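First, one chain by itself: the form predicted alone, in structure tokens.
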Amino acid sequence: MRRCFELARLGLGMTRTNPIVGAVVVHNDRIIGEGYHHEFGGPHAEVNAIRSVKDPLLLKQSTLYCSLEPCSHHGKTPPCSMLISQKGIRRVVVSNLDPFPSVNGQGIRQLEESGIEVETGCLEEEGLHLNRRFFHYINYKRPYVILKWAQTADGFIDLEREPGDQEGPRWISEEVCRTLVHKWRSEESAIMVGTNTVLTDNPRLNTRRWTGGNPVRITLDRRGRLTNSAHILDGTQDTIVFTGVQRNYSGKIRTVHADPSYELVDVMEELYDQQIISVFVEGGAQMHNSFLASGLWDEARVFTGKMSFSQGVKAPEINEKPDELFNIGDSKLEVFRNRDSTLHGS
């Protein structure tokens, strides 16, 4: 099952609103086939694993391990439960049931009605963590939100700077940390920053340091302060601008009207409706603090570098112990998880 999880992670950022899934076919305690869900609309993990078996006659004496319940409905692809039955596989081991309404136990039931032995709950907690974005999106009807910032040893995320400051951002974390952030971007549906971050840093918010697709760029520009010189308004990448003024953009930019009463919960509802399964929030301090205050966050990844600023923009604070701690060169990475996030999900 852990091999299924390894395979599933290869699809991070590529399956849109679908879960990431891995599958392996085992014959006499030896893996003879494996596969994962590569991209939205493509063959599912079970299909790819079965197709990879060189001797199909072995399938009737094999066990299929799958990180998520095989689908049972006709969507963009035929139901996997039907294929498993047709191939004569007699045993299936699953980590998690699929909460998607068109599946939700029906895949297991169809397999059992075909005479297939089914075992569920294998490494269930690990499977839930693997597909936490998907489960959260389906169960709580909002994107899974990941906050990310880098702070100095004395607790600042930036110097006080004015929009258009020629000095640009002061890098707090190391080069390898910045590359890791681009990897993280490639794994999420969307990336969000506030207006002040766009004005002071003019970020591109793409994955130029890593392979994989670019996330949808999102910003809140209630008063229409952004100009066409902003990289995120260049029209080359899918972008959503929440704004309270009438603006016409070219290229791959969508606008959502956001009047003064528009709050983060409204933003989350709109992004859910636009099938954004996860959001990677990169700043700035005001936006991070808004997410923390509202409870509309699920995970925070905080780098702490060795330099000090003595003054500047204070970093957001999470007054809890981190769930995970890593050392990356001279930087420290802390990962926090919001155990109360489900209270705000609906």
Ligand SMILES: NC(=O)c1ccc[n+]([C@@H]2O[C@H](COP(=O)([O-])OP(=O)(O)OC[C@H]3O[C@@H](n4cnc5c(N)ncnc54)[C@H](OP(=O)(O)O)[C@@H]3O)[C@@H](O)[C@H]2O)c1
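Just count from 1 along the sequence shown to find any residue number. Predicted, not measured: the structure shown is a model, and the values here were computed from it.
Same protein, other form: the form predicted together with the named molecule, not shown, and the subject of what follows.
Contact here is defined as any heavy atom lying within 4.5 Å of the named molecule in the predicted complex, and by that definition not a single one of 8, 93 and 131 is a contact residue. Only one of 114 to 122, 223 to 231, 133 to 141, 96 to 104 lies within 4.5 Å of the named molecule in the predicted complex by heavy atoms, and it is 223 to 231. Among 157, 84, 276, 145, the residue placing a heavy atom within 4.5 Å of the named molecule in the predicted complex is 157. Proximity to the named molecule in the predicted complex, defined as a heavy atom within 4.5 Å, singles out one entry of 308, 286, 52, 61, which is 286.
In the predicted complex, the named molecule lies farther than 4.5 Å from every heavy atom of residue 174.
When contacts are judged by a 4.5 Å heavy atom cut-off, residue 190 does not count as touching the named molecule in the predicted complex. Contact between residue 270 and the named molecule in the predicted complex is not found at the 4.5 Å heavy atom cutoff.
At a distance threshold of 4.5 angstroms between non-hydrogen atoms, residue 238 is out of contact with the named molecule in the predicted complex.
Contacts to the named molecule in the predicted complex (heavy atom within 4.5 Å) from stretch 179 to 214: 194, 195, 196, 197, 200, 201.
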